[in-house]
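Take a look at this single chain in structure tokens; it is the form predicted alone.
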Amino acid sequence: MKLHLAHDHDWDVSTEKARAIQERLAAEVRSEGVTAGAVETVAGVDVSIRDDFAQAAVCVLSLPDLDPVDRAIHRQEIPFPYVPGLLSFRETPPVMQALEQLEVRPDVLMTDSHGLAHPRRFGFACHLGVLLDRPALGVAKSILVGDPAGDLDSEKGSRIPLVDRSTDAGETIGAVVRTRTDVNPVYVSVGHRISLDEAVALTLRCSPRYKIPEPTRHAHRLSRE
């Protein structure tokens, strides 16, 4: 799959420059676009770190059957130090190389990470989506910033807002979503070119059996091979 970058920047930068890049590109994020019911392919994206190497995996699944239709792996030295809030600078370069190997062009990118639910509203899902100008969402297993706005019902499909209360008004930055009854939730947020409601709907559509949606579950297994 030939990648066409809508934006680009240097990767060998200081942490201060990296934060400035996030703040600049965060203004490009769009929370509207694709409709979950119209999506035919989703690419799960995951990166595993081992010693000094990052192994990026992309697994494309078709909908509604969730069958794998394409996959790719790229392994390289870690391009950026570990800094909380800047993990996309470690993970985006190898993921880009893996995406280049795909023959199927996915409709949506689903990352095992956050999008807008990030201190600077620019998590990995946003970074990847904005650079490629592709629909993207983040489905994370833990909270990076924000708090659930209330108590989540135990049934599958239940959701409540994930809210950043650092401002007086508070800001909804994602959703706490139960993908399996009586199992801990996941945290869904917009990456780019998708609304939060559609991101939640797509997450549930991709989670027929397990807590983790099938695209990122497949990608996680692939990244650890």
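All values reported here derive from a predicted model rather than from experimental measurement. Position 1 is the first residue in the sequence shown; the rest follow in order.
Not pictured, yet referred to below: the form predicted together with the DNA.
- The partner is not drawn, yet in the predicted bound form one stretch among 150-158, 101-109, 88-96, 67-75 has residues with heavy atoms inside 4.5 Å of the DNA: 88-96.
- Although the partner is absent here, V183 lies well away from the DNA in the predicted bound form, with no heavy atom inside 4.5 Å.
- For the chain shown alone, R134 is not a contact residue for the DNA in the predicted bound form, no non-hydrogen atom being within 4.5 angstroms.
- Contact check for V60: every heavy atom lies farther than 4.5 Å from the DNA in the predicted bound form.
- Using a 4.5 Å cutoff between non-hydrogen atoms, V47 counts as a contact of the DNA in the predicted bound form.
- Taking the DNA as positioned in the predicted bound form, the residues of 141-163 that bring a heavy atom within 4.5 Å of it are, in sequence order, K141, S142, I143, L144.
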